[in-house]
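Have a look below at one chain only, the form predicted on its own, in structure tokens format.
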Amino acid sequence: MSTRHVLLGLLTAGPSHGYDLKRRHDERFPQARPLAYGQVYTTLQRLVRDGLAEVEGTDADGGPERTHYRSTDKGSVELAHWLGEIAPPAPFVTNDIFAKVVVAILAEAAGEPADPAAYLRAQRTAHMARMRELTALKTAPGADLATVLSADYALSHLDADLRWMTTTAGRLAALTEEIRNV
């Protein structure tokens, strides 16, 4: 996810300070990793540097001084361009699970204590636990639509991983043979 563009999108609602942008990001993208304050302020500084946002003013409201930012016309054009881009499917799949299976096969062949089948079983257990958490989250009374859709997205990806793990477990002997003979 492009933090730069998400913050520009959040600024379309009007001028905001970094703390408010972080809070709104975390509310709007409940399943995403929460933004760190440092990331928000660094990104805002870059947006200002690049002319995509500007400082609207500062206030204290009885607390620490807060700088308010607003999107510029150039920022609106940049956001519109980004929103119009189609996200291309990844040309290469880089997957930690697959990498660990292959490395476990290599390590096992070298006499190291590694068991690719046990790793797949443990990973499957972890995926199933996460799927139960997400299902509970999306079916909780009062769950908002953003939470439901975000959970559905994650569940679909976890389900695809589970199907891949099942297929790979069934082909593990052939994969081991192929890797050892390369």
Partner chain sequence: MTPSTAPLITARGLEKAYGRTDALRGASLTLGAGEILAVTGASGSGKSTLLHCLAGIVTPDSGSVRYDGKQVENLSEAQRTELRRTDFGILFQFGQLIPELSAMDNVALPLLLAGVRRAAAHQQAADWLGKFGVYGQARLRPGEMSGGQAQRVSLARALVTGPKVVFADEPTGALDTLTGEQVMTTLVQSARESGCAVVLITHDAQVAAYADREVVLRDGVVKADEPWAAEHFSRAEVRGND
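Computed from a predicted model, the values in this text were never measured in an experiment. Numbering follows the first chain given and starts at 1.
Keep in mind that the form predicted in complex with the partner chain is missing from the display, and what follows is about it.
Novice: With the partner chain left out of view, which of A32, L149, M128, A36 would have a heavy atom within 4.5 Å of it in the model of the complex?
Specialist: Looking at the other structure, the residue within range turns out to be M128.
Novice: Which one, R46, R28, R121, R66, lies within 4.5 Å of the partner chain in the model of the complex by heavy atoms?
Specialist: Residue within 4.5 Å of the partner: R121.
Novice: Is the partner chain in the model of the complex close enough to T135, K138 and L155 that every residue in that trio has a heavy atom within 4.5 angstroms of it?
Specialist: All three within 4.5 Å in the model of the complex.
Novice: Should L162 be counted as a contact of the partner chain in the model of the complex, where contact means heavy atoms within 4.5 Å?
Specialist: Close contact exists here: in the model of the complex, L162 approaches the partner chain to within 4.5 Å, heavy atoms only.
Novice: Select, from the options 36-44, 138-146, 49-57, 66-74, the stretch whose residues sit within 4.5 angstroms of the partner chain in the model of the complex by heavy atom distance.
Specialist: Single hit among the candidates: 138-146.
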